[in-house]
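Consider the single chain below, provided in structure tokens and representing the form predicted on its own.
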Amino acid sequence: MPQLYHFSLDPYCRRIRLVLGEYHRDAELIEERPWDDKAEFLQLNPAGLLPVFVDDDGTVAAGIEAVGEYLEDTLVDRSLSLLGENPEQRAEIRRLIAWFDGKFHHEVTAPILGEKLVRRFVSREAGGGSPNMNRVRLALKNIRPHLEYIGILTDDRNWLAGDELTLADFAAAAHLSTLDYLGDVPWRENERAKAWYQRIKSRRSFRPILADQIRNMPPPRIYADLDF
């Protein structure tokens, strides 16, 4: 069986897990804490970045772009593709993926995860300790215009990039689900974004994500609630 090296609250790993579910592909999940820098993992990806996918034939795809493209390139049933049917659609899908993996991650996901999660598990010598709440508060402020943008997109579209569910939706949902695990998404402030997330959260591929548990860090009740 293929193997996916991942960390449960890493949004890029979550996106790949969602894609595997949508593509009906199984993989053995191997939990890897990205801050540990284990030698055996660095042999798979010297950059030390997750996710890493190892196929049955030994092919290694390392990093979100490489893993995503590999899964797309090896897709047997092309009707399951999440990258659109024509260049115009693919351009918009990739634009939105870049928005969430770049801008959203920089402004929201990375500071919140870094301060509230990573600092908790690494030594003081490696930057651990109490979170910098100024960074957290700024990130929580930054999430609001992103939710508004999701709402604006869904005003005129069935899904974020158009009429069909695409990889753009899973990129956005992966980041938001990570923050939702920490209770840091103000859903009540944007009903349109909430309605979109409820739809994608109800998909079968999302069920393993909603079952995630980080030791000594349980999620809030609404995290796994489909009618939150």
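Computed from a predicted model, the values in this text were never measured in an experiment. Start at 1 with the first residue shown and count on from there.
Unshown form predicted together with another copy of the chain; subsequent notes refer to it.
- Message: Considering non-hydrogen atoms and a 4.5 Å limit, does another copy of the chain approach Ala61 in the predicted complex?
- Response: Yes, contact at 4.5 Å.
- Task: Indicate whether Thr74 is a 4.5 Å heavy atom neighbour of another copy of the chain in the predicted complex.
- Result: Yes - in the predicted complex, heavy atoms of Thr74 and another copy of the chain come within 4.5 Å of each other.
- Query: With a 4.5 Å heavy atom cut-off, would you call Glu88 a contact of another copy of the chain in the predicted complex?
  - Reply: Yes, Glu88 is a contact residue.
- Wondering, does Ala98 line up within 4.5 Å of another copy of the chain in the predicted complex on heavy atoms? Yes.
- Item | Contact residue in the predicted complex, chosen from Glu164, Glu65, Glu189, Asp37 - any heavy atom within 4.5 Å of another copy of the chain | Here the answer is residue option Glu65.
- Message: Within 4.5 angstroms, counting heavy atoms, which one of the listed stretches 136 to 144, 111 to 119, 154 to 162, 88 to 96 is next to another copy of the chain in the predicted complex?
- Response: Of the stretches listed, the one contacting the partner is 88 to 96.
- Quick one: which residues from 12 to 48 get a non-hydrogen atom within 4.5 Å of another copy of the chain in the predicted complex? Going through 12 to 48 in order - heavy atoms within 4.5 Å of another copy of the chain in the predicted complex - the hits are Asn45, Pro46, Ala47.
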